[in-house]
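First comes one chain, alone, set out as structure tokens in the form predicted alone.
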């Protein structure tokens, strides 16, 4: 994240920042949906870090829209965005942006892609929104105010659920050599939980945990823009978060689950052979 050198003070009310994040995510997501709908064929794409890491003109269109709106609404705020837009903050606030999380899904016409926008103040995410245009769903959260889906509060159930019936979401890195270790981890999980789901959008995976649609999410080798908004949404919904050892959660190693399942999942993750990490 760009270094912060504060020269001015701006509004950092979490609810106000959530409203901005929702507007930015919705407008950018709808812009992508409307423009891509005019194309009769699959959107053209290019490779980034690997042949499976795709980017389209619509990723850049959405990012440009969000960045230009922030320059108008919040001059001086910093930017950290997936497709390269980066600027240092002079206000203490940085916006972390993923214009299309799940670009491969988008390219192939699958509905599980999203636009993610988060506001980070002095290193702490305090507001965020994840919008899934093809699903018509807006997830958002403001620090201390809970998480919402389409304006309605959502939260983790407190009823007990056995680990061996739990549904766990996961994902895979674009680097093929790391997928071998991730496949081994999935094998461990399959022996302990009810089933596995792979949606293809980390932001939506985290929102699905928040909404109780899946019981947990486990993934490694992510980036800040993949999880900034979704992690806040899951946390505000009551999910428990950590790395694979029970320490602080981070994009490199992330376990997010219903609280009653967290300890059991940590025990499963502890069985992974260190040589595969």
Ligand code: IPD
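Residue numbers count along the first chain shown, from 1. As the structure is a computational prediction, the values presented were derived from the model and not from experiment.
The protein also exists as the form predicted in complex with the ligand; that form is not presented, and the subsequent description refers to it.
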property	result
Location of the ligand contact in the model of the complex, chosen stretch of 92-100, 148-156, 161-169, 126-134 [non-hydrogen atom, 4.5 Å]	92-100
Exercise: residue 173 in contact with the ligand in the model of the complex, heavy atom 4.5 Å	yes
Interface membership of residue 119, the ligand in the model of the complex, 4.5 Å heavy atom rule	no
4.5 angstroms heavy atom contact with the ligand in the model of the complex for residue 219	yes
4.5 angstroms heavy atom contact with the ligand in the model of the complex for residue 72	no
Proximity to the ligand in the model of the complex, single hit among 111, 194, 76, 200 (heavy atom within 4.5 Å)	200
Contacts with the ligand in the model of the complex, stretch 63-89 (heavy atom within 4.5 Å)	82
